[in-house]
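A single chain, nothing else alongside it, follows as structure tokens in the form predicted on its own.
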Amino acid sequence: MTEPLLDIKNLRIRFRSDEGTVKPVNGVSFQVNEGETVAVVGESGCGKSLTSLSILGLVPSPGEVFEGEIRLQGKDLTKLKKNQMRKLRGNEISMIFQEPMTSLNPVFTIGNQMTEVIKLHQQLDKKESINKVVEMLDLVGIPEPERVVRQFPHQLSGGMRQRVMIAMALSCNPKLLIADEPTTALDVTIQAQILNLMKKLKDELNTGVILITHDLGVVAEVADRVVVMYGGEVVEEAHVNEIFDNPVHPYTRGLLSSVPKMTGSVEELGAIQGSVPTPSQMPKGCKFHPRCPIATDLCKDEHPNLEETLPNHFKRCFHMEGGSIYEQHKRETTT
């Protein structure tokens, strides 16, 4: 069996303070293969972005990875020193952040910022670096790249800045690309262009992609597999078609019920009652049980394991066997 590009096993992150210790990421495991897009979805506060930052060794202080493995082609990144991680960032692993204006330096031109990354990792001279920048800007569909290299971030539109971020992230041909809400705040036309661009580049460069998002429409468009997170842990994982056609965790079903459907009839959108618990106030037992429509005393007292219930379909729930209990609950509450 081929070794995965990225293999995260039992990842745990903690923050220690005078008030105590919290674990916003608590036992996360999943894999990413070459040329595969894995979408990590869930509400704000479920641990998606923190998990992605841990891959880059950028967990903000006083946080730390205190348990688990993050292996990139067999190399455990949690064991590397800071200078070793700096060589990996932007080279073997790149990240597209959700707001390019906070990631691009407003006082330097696009060319200056991109050549800095290329010269650091590719050991090219100034002329070769500029040529590489122009090539990458052209690759992501930016018109007149020779002119854009001399411009500042504020002179570009939001979609253009996001394309610059993608070009910068891909300039060193990374093995793994992490995209954290890459289309947030973009209009739907630009969003579609960015998503199509990411799919095209992934296919051409065979790059593994982790897509961090809460937009299930984006997931359906670009993902191969989906990892659903809640309360700092994975609650369901499956192929994207399985997630949409046969979700088996009540949280996943709740997320999907809140997505508008393109049908002729007008349907009331579903909603998940309550809110995501804070890491310092995680409930005992199943993390989702205070908001779950089918929770029992077992859910309140015991913590379910992530189990494979169907081939390559994993869920963290005591009761969901093909959705039968959930469907029974729906019938009882609608009659």
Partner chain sequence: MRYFLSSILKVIPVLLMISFIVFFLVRLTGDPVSLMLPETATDQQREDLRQSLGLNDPIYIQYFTYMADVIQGDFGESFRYNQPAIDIVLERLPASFTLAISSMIIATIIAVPAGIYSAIKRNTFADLIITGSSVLGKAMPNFWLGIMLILILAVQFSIFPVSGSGTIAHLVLPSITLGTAIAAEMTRLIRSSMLEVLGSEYIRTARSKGLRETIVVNKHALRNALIPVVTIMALQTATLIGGTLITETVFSWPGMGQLLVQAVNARDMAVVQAATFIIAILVILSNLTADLTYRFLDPRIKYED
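Positions refer to the first chain, counted from 1. Note that this is a predicted model, so its numbers are computed, not measured. We call the rigid core the largest set of C-alpha positions that still match within 1.5 Å between the two forms.
The form predicted together with its partner chain is left out here; the points below concern that form.
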Original post:
Does residue 73 make contact with its partner chain in the predicted bound form, using a 4.5 Å heavy atom cut-off?
Top reply: no
Subject >> Touches its partner chain in the predicted bound form: residue 97 (any heavy atom, 4.5 Å) >> reply: yes
Original post:
Can you check whether residue 113 is within 4.5 Å of its partner chain in the predicted bound form, heavy atom basis?
Top reply: yes
**OP:** Would you please decide whether residue 145 lies within 4.5 angstroms of its partner chain in the predicted bound form, comparing each non-hydrogen atom pair?
**Re:** no
Original post:
Looking at 30 to 38, 290 to 298, 304 to 312, 49 to 57, which one sits within 4.5 Å of its partner chain in the predicted bound form if you count heavy atoms only?
Top reply: 49 to 57
**OP:** Would you mind picking the one in 178, 168, 234, 194 that has a heavy atom within 4.5 Å of its partner chain in the predicted bound form?
**Re:** 168
Original post:
Between the options 134, 124, 117, 156, which residue brings a heavy atom to within 4.5 Å of its partner chain in the predicted bound form?
Top reply: 117
Original post:
Though the partner is not shown here, which residues of 102 to 121 have a heavy atom within 4.5 Å of its partner chain in the predicted bound form?
Top reply: 102, 103, 104, 105, 106, 107, 108, 112, 113, 116, 117, 120, 121
Original post:
Relative to the superposed rigid core, does the CA atom of residue 152 travel 2 Å or more between the shown form and the other one?
Top reply: yes
Original post:
Against the rigid core, is the Cα displacement of residue 243 between the shown form and the other one at least 2 Å?
Top reply: no
Subject >> Rigid-core frame, C-alpha of residue 212, shift of 2 angstroms or more between the shown form and the other one >> reply: no
